[in-house]
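Given next are two forms of a protein chain, the same chain in both, each as structure tokens and marked structure 1 or structure 2.
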Structure 1
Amino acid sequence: MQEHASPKLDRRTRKRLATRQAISDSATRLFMEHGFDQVTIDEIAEAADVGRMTVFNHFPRKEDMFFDREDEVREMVFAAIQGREEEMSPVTALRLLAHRCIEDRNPLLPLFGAPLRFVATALASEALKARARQMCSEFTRVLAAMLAESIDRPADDTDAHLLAGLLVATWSVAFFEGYNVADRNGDAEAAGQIFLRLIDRGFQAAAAAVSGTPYV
């Protein structure tokens, strides 16, 4: 349970992280095994050998034990936009990011291998789907602000919101169409191609919606 973590952290922090990890591990295992809705907080606490309140201490919502990498996605997208080369539009930067994710088999885009089970577990629970939609919704707002900021417009710029809405919608459709292929045919290569084709078409259309602006 202690995992000999980085010695930079003091014991208190190490123990806290270890407890958090124990809860997360138990929860993930139970969710995958029995389904999100079938696992109770008490069972997770029992499995992790902590008190019930400790679970809520680390994870305010049950869904937080399942979706644990929101920040990484946000930072990846932020880096792609900020770190793009001169004279490259933000939309192109995001399109290239999508291609890089497929190429690298990036697990933050869970279309291949083991992460497919993660997606299946999420799709089997109305609560998890609701949380995923909430994350998409919040991310769309953040993306709009990122895009606006990247070309020095105010964060509530209407073009940015339209563009962000279309980009996220495209990503979502592309992901699910790709997922369906991966899940039914088991063909990761085909899934990736479907995903990228839809990304390219959708992003191009999204760009057209704000043509004449510096977003494209």
Structure 2
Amino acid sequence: MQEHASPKLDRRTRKRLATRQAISDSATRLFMEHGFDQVTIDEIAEAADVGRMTVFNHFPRKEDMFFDREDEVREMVFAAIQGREEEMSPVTALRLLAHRCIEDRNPLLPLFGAPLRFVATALASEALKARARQMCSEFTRVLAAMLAESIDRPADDTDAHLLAGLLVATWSVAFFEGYNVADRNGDAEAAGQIFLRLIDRGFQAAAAAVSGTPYV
């Protein structure tokens, strides 16, 4: 992941961000070269030229160094929901976000080129797969809260939680079906088409589940 320190940040903050970036870059390189489970914290610290505790100060878990763009994904989704046009539903805003990700080949959707290695590395590690499942569950709760807030409903709104679960499940299935195509024959266009076809169908079904509500 690449972070860009703003010139308005103080020197201490810039230094902290630069250290975090160096750790992230070193970890990513080692994970891609050797596999996640084969790389140790000590090796990452040495490659980044920092101490072991410095690594943990920035990344409490080894898995966090691999999935270090989760906040960016959440920010992207939040921006799509909050920045939608007044007459647009949250479901439509998220469906259009999926289409933009494919059109722009957004690196946060690793279906194209080098990022495919990221997915392959994750699938080869039980620890990463377990963390990915945990993150998916966490994101579903976060998305439910985002959806509820977007139409001024309480965070525990049952329709929001139902909708969030269906949307996240759709995205997950669509992504892995697209990945399987890209990984098998390298056809990025076909992978994107399959991803979007499943997104459109799944989001339509999710919308039907909460029909009659402001979510759709």
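Every value quoted in this text rests on a predicted model; they were computed, and no experiment measured them. Numbering for residues begins at 1 and runs along the sequence of structure 1. Under this definition, the rigid core comprises the largest set of C-alpha atoms superposing within 1.5 Å between the forms.
Novice: Form predicted alone, is that 1 or 2?
Specialist: Comparing the pair, one sees that structure 2 is the form predicted alone and the remaining one is not.
Novice: Does Arg201 show a Cα shift reaching 2 Å between structures 1 and 2 after rigid-core superposition?
Specialist: Where the cores coincide, Arg201 shows only a C-alpha shift between structures 1 and 2 that is less than 2 Å.
Novice: How much does the C-alpha of Arg14 move between structures 1 and 2, in Å, given a rigid core overlay?
Specialist: Superposing on the rigid core gives a C-alpha shift of 4.2 Å for Arg14.
Novice: Core-aligned, what does the C-alpha of Ile23 shift between structures 1 and 2, expressed in angstrom?
Specialist: Reported C-alpha shift between structures 1 and 2: 2.5 Å at Ile23.
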